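Okay, so here's just one chain, in C-alpha cells, the form predicted on its own.
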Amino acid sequence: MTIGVFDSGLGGLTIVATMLSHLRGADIIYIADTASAPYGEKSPDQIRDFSIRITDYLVSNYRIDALVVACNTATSAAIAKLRERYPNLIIVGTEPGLKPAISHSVTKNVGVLATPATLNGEKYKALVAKLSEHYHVQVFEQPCPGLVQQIEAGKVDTQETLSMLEGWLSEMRDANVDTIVLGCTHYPLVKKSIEQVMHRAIIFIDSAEGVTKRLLTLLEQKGHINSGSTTLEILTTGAIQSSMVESVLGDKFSIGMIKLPD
C-alpha cells in the first residue's frame, strides 16, 4: 500500500512516527506544506484549496491507496470535500480526542489546546455539543496562535514559548485541569514545556494512536497484510527545520523539495 500523509509542517510527523511503529509493508509519502503554513490562521477556503492541491499531487504522482490528513485544522475544513472528490480513496482525518480525555480525567476539568481554525470549526463545535449532553465536564478551550511557528522554528522550550504557554495555561492550572487534549499535531512536541508551566504531570490526549489504528483497520479491509518493510519519503513545499524532523523520527531522513501545481 502507498499512503499519503500531509500537514502544514512538522506536526504530522508525530503521527508518522506512530505509523512507523505499527504499520508494515507500506510506502509512506509525507508532505509538509511549509510554504502555506500555518494553516490554523488561514480561512477555511484557503485550507480546502491547500488540501485539494496536495491530495491531487499525491494521487497523480504516487497513486496513493490511502490518505491521512495529519492536521486537525485541515480535517475540519477539508475532509468532507476530499471524500467527495475521491470517493474510492481511504481517507483518515485527525480530530481532537475530547471523548477519551473525559474518560481519563479524574477532576473532570479538561483542557483543549488547538488552533483558532480548529476551535471555530463546525466539526469540533458539534463534537463538544454532543459530548456536553452526556457528560458532566468542564472544558477549557484555548487557541494558541503562534505556537506552531515556535515549534516549526525549533523553539520548543525557549523562554518565549514558556511565556506564551503561561498566558494560555494559567486558568487551566488554577482550575485543576488534569487532562489536556492536544488538538494540533504539532503540540505533542511541547509536552514537557506544558507540564513545566502546569506544575504537575498531565494526561495528554493526542490523535496518533487512534489515527494509526483506524488506518490499519481500513487497509486490512482492503486486503493489506501488515508485514514486510515500510519506507518513508519526506517532501516539503518550503523551508523546514531538519533537526526537528530528526528529533521526531529519531533518525536522519532525506527531505525533498517540491512545488505544487497552481
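Residue indices: 1-based, along the sequence shown. Everything quoted here is computed from the prediction, not taken from an experiment.
From this point on, the text means the form predicted together with a small molecule, which you will not see here.
Contact annotation for residue 177: none of its heavy atoms lies within 4.5 Å of the small molecule in the model of the complex. Heavy atoms of residue 148 reach within 4.5 Å of the small molecule in the model of the complex, making it an interface residue. Stretch 185-193 is the answer when you ask which of 121-129, 185-193, 104-112, 83-91 has residues with heavy atoms within 4.5 Å of the small molecule in the model of the complex.
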